[in-house]
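The chain below stands alone and is given in structure tokens; this is the form predicted on its own.
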């Protein structure tokens, strides 16, 4: 039986004006998210992950000069053709986003209660009293102790882990259908990471939400995601179910990311694997494959002609001319080793 995707992104391009000319930070990205599933979006810093998420909600100033092309269909409606008033009814309501840095995302001069209640009042038409009661309920749901008192605290009075829980409470306060989490566990210790991830998965199951998880942590991806999108220089270079990606990666960049995972076993004196070279500038995108300059398999074809994203197996797509040359032993084991270490430390 065919399922209808909750979110269907088609050929998304996001262009920014710069002093050196226009750049395309997201270039022809297409993917789907279904209700109840978690899709991981991974890649190096600057590859376009966060810009993709911001594009979905059109979180760019109207005078920024940013141009969005393609389609972003949510619940069957194209968000790119909506008016600003229409999109504002969806932000924080049907689609919510948890930002990477809770300290800079929370308003330092408003209590956390006021900040969460604002969304409830705006989108659900609740009274101030009812919104405050719902806020206390949400803080209790995300595991903040004494929520009746904490609701009057300011962000600086909370620890990093508590602030991240507040961001999750804010994102979930209107029971969204899609949650975008941008590095939700960055800079948190492994114990808090495990608690935050468990909380997000529990709520996702309860609400049957779709979730996009943006992260650098492949151990987190192995633990919570059902499908993975690997991005490089504004494009998706590989898409696969999580087990397939870790056990049978087909793109050299994916293989490099997996080999960079630290292991508990082995020679401690050996250096971690690194992907040689630097990510090219958006002002100087290579003519052929965008990864060719850093790829050990690259030949003249790779430098001359850009590969398309093609089928490489069931639900598996790869953007590479030499996908059949690659293999990685123990990829899934490496990722789950990271998860097991987190679980051990979280006790």
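Only a predicted model underlies this, so the values are computations on that prediction, with no experimental measurement involved. Positions refer to the first chain, counted from 1.
The following text describes the form predicted together with a small molecule, which does not appear among the structures shown.
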Does the small molecule, in the predicted complex, lie within 4.5 angstroms of each residue among 33, 101 and 226, using heavy atoms as the measure? no
65, 313, 46, 70: which sits within 4.5 Å of the small molecule in the predicted complex by any heavy atom? 46
The small molecule isn't shown here, but in the predicted complex which of 292, 51, 57, 29 has a heavy atom within 4.5 Å of it? 51
Is there a heavy atom of residue 9 no more than 4.5 Å from a heavy atom of the small molecule in the predicted complex? no
Exercise: residue 217 in contact with the small molecule in the predicted complex, heavy atom 4.5 Å: no
Answer for residue 118 alone: is it within 4.5 Å of the small molecule in the predicted complex, judged on heavy atom distances? no
Exercise: residue 302 in contact with the small molecule in the predicted complex, heavy atom 4.5 Å: no
